[in-house]
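In structure tokens, the next block holds one chain alone, the form predicted on its own.
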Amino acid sequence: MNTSVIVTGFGVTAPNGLGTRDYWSATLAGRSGIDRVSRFDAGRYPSRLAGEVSAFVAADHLPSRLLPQTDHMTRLALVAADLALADANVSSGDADSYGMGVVTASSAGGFEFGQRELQNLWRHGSRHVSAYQSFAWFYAVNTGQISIRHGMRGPSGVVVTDQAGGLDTVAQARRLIRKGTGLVLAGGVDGSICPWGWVAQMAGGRLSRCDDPRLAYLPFDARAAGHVPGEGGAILVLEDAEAAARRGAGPGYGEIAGYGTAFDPRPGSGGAPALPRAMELAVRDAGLSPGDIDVVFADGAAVPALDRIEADAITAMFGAGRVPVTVPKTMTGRLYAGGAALDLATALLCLRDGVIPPTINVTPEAAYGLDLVTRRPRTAPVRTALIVARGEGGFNSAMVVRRPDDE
């Protein structure tokens, strides 16, 4: 069943803006949220920069009873969900609780909460460990807390595919809606900016060691030397287009028109990267050809070998310099499970306003053959966008969104 699934609202918690309005304004202005880590003393670590949601005070947004039982990233997720439902003009109390579901992405779970309780166990003994540790660390906790807060008892779940997860959750939401679920909250909000999470990220070998926020994360640049991690992401409200129209929601921000996913071959096997396959599947699923795509929101690993794979996939599909490409996450850092969801929300804003946000601080390496949008936003008639995301471990996903009046 090919029901048209649309996004009727979303909420953003990002390092350069809390809420959609502040985030989009900062993104179009090229304002970065990357700075020196403030959530703990990172001075002894080789990587010392991160994208933190510095304006966020949980007590300003959430009831006090939730604070002792939630990790920082779950609090960000709960606020993003609140903002998304308000944006979609949905009151969960007015709807069938079994007709609403939640699907979130996660890369780690509540690392900061978990570290604190392990320290309590080590220093003071088991009586000093919070009972909430039993679930606050869990990778599915954001789905659980959002569903409880809003009384959503329909089909729900969690996806663990690192950076690709933000797209994979939306694809799962589309499947659920096509099977009859009325509304699904989907996306990802992530963050592990604490010593325990930090060393885990450093073990991957992809974190930038540069201390200059302007130079630390430079995808498709000859100076690229790893990424800056961040926290935050986006939660989106997805609905059947006809059902949304019946409740007066209008056409929404855009349609989830196509999706593709593929897994890389085993390292050392000599097999070709699977990213081109994921992109091809997404465009085909949307019923489009490459020439119909108006902009690509790239994954932008800022690791030369990975940038080469992605650039080759883009130029193979579209031709060298034939489609605008952007990496707005240069202003936030890579948000892991939250990154692709934020890119998806950004692409929908791009469709709405006809403006492509820039990739900041980057001097494009000509050898990649990309038309990279840099320095300032580019005005363009944008009807469709392709969002690309890769997760460490071989995950590749791509999604096509289409402007409502082009459905």
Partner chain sequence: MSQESTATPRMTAEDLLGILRTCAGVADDIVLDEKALDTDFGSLGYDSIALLEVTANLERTFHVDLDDDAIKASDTPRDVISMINGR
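Everything quoted here is computed from the prediction, not taken from an experiment. Numbering follows the first chain given and starts at 1.
The discussion below concerns the form predicted in complex with its partner chain, not included here.
Novice: Is R44 part of the interface with its partner chain in the predicted complex - any heavy atom within 4.5 Å?
Specialist: No, R44 is distant from the partner.
Novice: Look up in the predicted complex whether W137 has a non-hydrogen atom within 4.5 angstroms of its partner chain, and give yes or no.
Specialist: Taking the distances in the predicted complex, the answer for W137 is no, it never comes within 4.5 Å of its partner chain.
Novice: Flag S97 as yes or no: does it have a non-hydrogen atom within 4.5 angstroms of any non-hydrogen atom of its partner chain in the predicted complex?
Specialist: Answer no; every heavy atom of S97 is more than 4.5 Å from its partner chain in the predicted complex.
Novice: Is W196 close enough to touch its partner chain in the predicted complex, meaning at least one heavy atom pair within 4.5 Å?
Specialist: W196: no, not in contact with its partner chain in the predicted complex.
Novice: Tell me which stretch of 47-55, 360-368, 340-348, 64-72 has a heavy atom within 4.5 angstroms of its partner chain in the predicted complex.
Specialist: It is 64-72 that comes within 4.5 Å of the partner.
Novice: Heavy atom within 4.5 Å of its partner chain in the predicted complex: which of S289, S91, S269, S130?
Specialist: When its partner chain is considered in the predicted complex, the option within 4.5 Å is S130.
Novice: Can you name the residues of 203-222 that have a non-hydrogen atom within 4.5 angstroms of its partner chain in the predicted complex?
Specialist: Heavy-atom contacts to its partner chain in the predicted complex: nothing from 203-222.
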